[in-house]
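Coming up is one lone chain in structure tokens, specifically the form predicted alone.
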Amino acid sequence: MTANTKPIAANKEKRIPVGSETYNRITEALYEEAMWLDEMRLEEWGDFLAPDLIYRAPLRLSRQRDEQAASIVHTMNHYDEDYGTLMGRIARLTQTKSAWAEDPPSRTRHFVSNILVRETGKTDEYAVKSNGLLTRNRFEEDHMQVISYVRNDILRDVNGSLKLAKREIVFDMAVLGTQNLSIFL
């Protein structure tokens, strides 16, 4: 594992206490983000993104216990996006009729839990680890797709507003049980 792919728990930076003003502010931002995504308020979500954003979801492989460090493949990704590509996707979904993969839109519910926040060494940035669970229903299907994952984020305070500067999504499954990933996590 390289220095920038270490899990948040391995960081030696100070943890922000649960219930503190900073922790509550970050938690509220993540809950609000989940609401924007579930309600397809993508322009508001776009305002939450930092212009230098890195947004990735590396592949996961099944490995033996002693090979777990190699179970996350950072050279291949389900998502490998930046601010420009995400803003392009948002524009396509909200301003055109060519986003057929999400027309009609998926019905989603984003759940965020187990939020841990650490200082990063930069006064305006926080490392945030959270668990996520997404339920998704499409068309007239009688079942829900369920996707669980962990997110490793960097949130940055920009003039009093929190912005997502980096997100790594690590899925719990090696094979995703969904036809596409045209949604945001």
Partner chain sequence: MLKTLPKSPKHKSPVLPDGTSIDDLINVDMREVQLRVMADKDLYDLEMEKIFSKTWVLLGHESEIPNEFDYMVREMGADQVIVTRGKGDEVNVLLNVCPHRGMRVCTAEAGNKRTHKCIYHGWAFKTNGDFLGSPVAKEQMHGDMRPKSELGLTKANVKVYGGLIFANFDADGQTFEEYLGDMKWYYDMLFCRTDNGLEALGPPQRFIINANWKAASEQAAADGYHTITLHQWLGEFGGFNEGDIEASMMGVEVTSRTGHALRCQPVANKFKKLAAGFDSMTLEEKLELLPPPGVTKEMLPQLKNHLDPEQLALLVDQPPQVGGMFPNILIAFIYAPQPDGTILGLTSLHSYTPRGPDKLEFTNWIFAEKDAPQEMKDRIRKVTTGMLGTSGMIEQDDSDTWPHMTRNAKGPMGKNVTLKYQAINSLPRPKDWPGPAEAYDGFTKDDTQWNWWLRWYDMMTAE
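Numbering follows the first chain given and starts at 1. What you see is a predicted model; the values in this text were computed from it and never measured.
Just so it is clear, the following notes concern the form predicted together with its partner chain, a form of the same protein that is not shown.
From the list 61 to 69, 38 to 46, 126 to 134, 113 to 121, the contact stretch for its partner chain in the predicted complex under a 4.5 Å heavy atom rule is 61 to 69.
For the candidate spot formed by Val73, Lys97 and Thr178, every residue has a non-hydrogen atom within 4.5 angstroms of its partner chain in the predicted complex.
Although the partner is absent here, Glu140 sits close enough that one of its heavy atoms falls within 4.5 Å of its partner chain in the predicted complex.
Although the partner is absent here, Ala174 lies within 4.5 Å of its partner chain in the predicted complex, judged by heavy atoms. Not displayed here, its partner chain is kept clear of Arg107 by more than 4.5 Å at the level of heavy atoms in the predicted complex.
Applying a 4.5 Å heavy atom cutoff to its partner chain in the predicted complex picks out Arg63, Gln64, Glu67, Val73, Thr75, Met76, Asn77, His78, Tyr79, Asp80, Glu81, Asp82, Thr85, Gly88, Arg89, Ala91, Arg92, Thr96 from 63 to 96, in order along the sequence.
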